[in-house]
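Read the single chain below, which is given as structure tokens and is the form predicted on its own.
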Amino acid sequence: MPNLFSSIKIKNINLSNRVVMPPLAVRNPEKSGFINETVIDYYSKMSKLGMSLVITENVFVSPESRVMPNQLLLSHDKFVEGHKKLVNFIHKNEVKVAVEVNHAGANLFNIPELKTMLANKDESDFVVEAEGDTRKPLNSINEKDLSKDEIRRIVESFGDAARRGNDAGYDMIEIHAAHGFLINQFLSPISNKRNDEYGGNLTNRIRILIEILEDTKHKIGNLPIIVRFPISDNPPQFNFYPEGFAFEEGLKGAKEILLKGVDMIDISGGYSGSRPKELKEIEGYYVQYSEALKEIINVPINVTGGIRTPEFANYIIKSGKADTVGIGRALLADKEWISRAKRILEG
């Protein structure tokens, strides 16, 4: 029976244990999009703590797709050398690393999870002249604001960013489809009001993700692909968005993307975000979704969200509710979390 410190294989990548560091952004004052010493130092220190896989913070596929001007980019080949350096530092600690690629999409200031983060930001903060970014975010993802040609360019920008991640030496690519960002905006009836082949039923609303997976797969070859996927816009315990992406659709959608060669699904929230404040006292608030998904698919599942104690993390693995666990804020608060877990669970 597997436990928290059992090894696991994700496609062709061996992980020494089941602990994953999920995307946790470093406070970085640099606005160029390049990897700098602040980023290197942060990930070098964190990757020494005993996890088997680090998933980077959001790395954006174009300058205008960022939420904040200090976020990282893989929008041009000039960024690859910095990412190579980052990967090498993490690999020195015998840890695998995935890069999370993302596009924030439309209505950045209205994404529920970002409202607090952006409360004190002015739209002028998003102008990054060095990148020629005039920062004119989409008003919506509907036909009048996002044409099919623009969708095609966005699809290709994901694949190109993934190819650069491959060139940089990342072990896996994670595509961010959750948290109210662009792909989630297509998945969710809340934001997707299109009347063409990208809107309406689930087959249409998931089309952009399918196309991104196809383009990415073509450009990265055998590198494993993870999708950070929202099984629902709502967490299991609440119904914040009655008209949002529904649980039943999420299960169907997960099965659809597996047909395109997804090697791992990283369960998270949709419009409710990764850590709804109403759930802060509930440990492992997305485990119910990973458990449901485990019953219908046969690729590894990572679950993140309020997992605080080694005992509960181990229970998730031993009971088959997920295959790996993301330990984020608990690890930031206690750098000894993994070594302490090992002492507790292995006696």
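Please read these numbers as outputs of a predicted model, since none were measured by experiment. One-based numbering along the sequence shown.
Omitted from view is the form predicted in complex with a small molecule, to which the following refers.
The small molecule is not shown here, but in the predicted bound form it comes within 4.5 Å of a heavy atom of E100. For R205, no non-hydrogen atom is located within 4.5 Å of the small molecule in the predicted bound form, even though that partner is not displayed. The small molecule is not shown here, but in the predicted bound form it comes within 4.5 Å of a heavy atom of E57. The small molecule in the predicted bound form is approached by G306, whose closest heavy atom lies within 4.5 angstroms of it.
Note on the interface: of 22-30, 291-299, 313-321, 61-69, the segment with non-hydrogen atoms within 4.5 angstroms of the small molecule in the predicted bound form is 22-30.
Taken together, the three residues R275, G326 and R329 all lie with some non-hydrogen atom within 4.5 angstroms of the small molecule in the predicted bound form.
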